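Below sits a lone chain in structure tokens, taken as the form predicted on its own.
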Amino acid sequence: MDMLLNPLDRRHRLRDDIPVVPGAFPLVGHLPAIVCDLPRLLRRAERTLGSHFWLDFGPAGHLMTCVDPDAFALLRHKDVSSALIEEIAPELLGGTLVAQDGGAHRQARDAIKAAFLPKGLTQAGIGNLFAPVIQARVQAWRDRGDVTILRETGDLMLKLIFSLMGIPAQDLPGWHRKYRQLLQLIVAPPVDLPGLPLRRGRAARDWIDAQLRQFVRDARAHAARTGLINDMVSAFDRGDDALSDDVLVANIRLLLLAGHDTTASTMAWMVIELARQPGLWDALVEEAQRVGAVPTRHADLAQCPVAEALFRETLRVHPATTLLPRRALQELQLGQRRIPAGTHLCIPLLHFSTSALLHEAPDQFRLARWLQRTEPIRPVDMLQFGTGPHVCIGYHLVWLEMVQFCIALALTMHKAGVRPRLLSAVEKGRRYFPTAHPSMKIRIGFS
């Protein structure tokens, strides 16, 4: 940790009477420690400075971070705004649901949310669309014998997302290339010159948006077709208030982004946990054999409690979204502190995922906490999907994808008489920001 902090910045400083974590570097602030070892940074800051402290996010500025459980309630607070997200990543998230509040957010969300509910996903045949794609990919892993797991789950998620859009197989390489360039906007320096990430990322975004506009036109021209994009366009057009196609295109692009990186990370961690805990694999195989086939409808997911528990516990222990930025619109009481209006806030989901105040034996990976529960799922249990007005619209889609993946993996590998095994170290090379994921180098063998 010490190597990730600036040894020349050790003085005690306050902002609005709240301590600033020492060790920030010029220009990049605490980003090296946030990216490479966020859990230790949060624990150290809490131990030495208390529950409220400032972290320096370099170009994004200082965010007041609170590890008091009261901070989780900020996600539902009427005087806390998500607009800061657009200011931090305007090129990528401008005009999307995650960066809007109030009427604009409700209007855009209401126009498309029906397509993402279980009924809409079932009517669109999403489970039937995904099942053969997932099965083909895990069969390829079985045949190869070992894989670099995050790269493989990332490619699988892109193929699933592109299949939602009806992109022909021959066009996939071009979409892959543009998508990789689009992601450069996350870390691109603000220098717009030929060949640099900002210029390439903007060009990729414009290319993708042009393709999405064509998808929208095609959906309107063939209104009788089914599918998620067609359903989104149809619901959008039926809305009471007219919205521009820019809103629809921006949020379809958000679906492409949100459905890939975070979901691929969770999928990779599930395979890693199955590889390093043989008992988990045995329980999943037993369930998969009992079910007998990959489920295709949300009504079928109740038959797969082990797969669902694996999905939920993986999200808890290995949260793909570690931090959420917000802005206080009014003065707030947060824990034992008064927070001035206008303060930029950081809500540390990673900390709450593994907090002993919220979870029994939080450091243990235990399916029993889900299999033996009698009460409904609480907002804090699915904090990776947010809560309140900004709860993730793709929650039911991800739930379906993950259970399908677990059952397909167990059926395919067990039939061949193999199971996942770790071929490399797990902890080295993890990343925690802007989204979290295991090392790109972790390899899984099937033998």
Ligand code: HEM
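On a predicted model such as this, the values are computed, not experimentally measured, just so you know. Residue numbers run from 1 along the displayed sequence.
The same protein also has a form predicted in complex with ligand HEM, omitted here; what follows describes it.
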Query raised in the report: So which of 358-366, 299-307, 260-268, 133-141 is the stretch with heavy atoms within 4.5 Å of ligand HEM in the model of the complex?
Result: 260-268
Query raised in the report: Since exactly one of Ala320, Leu150, Val233, Leu334 fits, which has a heavy atom within 4.5 Å of ligand HEM in the model of the complex?
Result: Ala320
Report task. Report the residue, out of Val285, Leu254, Ala104, Leu117, that has at least one non-hydrogen atom within 4.5 angstroms of ligand HEM in the model of the complex. Result -> Leu254
Query raised in the report: Hey, in the model of the complex, is Arg199 touching ligand HEM, heavy atoms inside 4.5 Å?
Result: no
Requested in this report: Indicate whether ligand HEM has at least one heavy atom within 4.5 Å of a heavy atom of His52 in the model of the complex.
Outcome: no
Query raised in the report: Lys178: heavy atom within 4.5 Å of ligand HEM in the model of the complex?
Result: no
Query raised in the report: Is Ala45 close to ligand HEM in the model of the complex, meaning a heavy atom pair under 4.5 Å apart or at it?
Result: no
Query raised in the report: Quick one: which residues from 347-370 get a non-hydrogen atom within 4.5 Å of ligand HEM in the model of the complex?
Result: Leu349
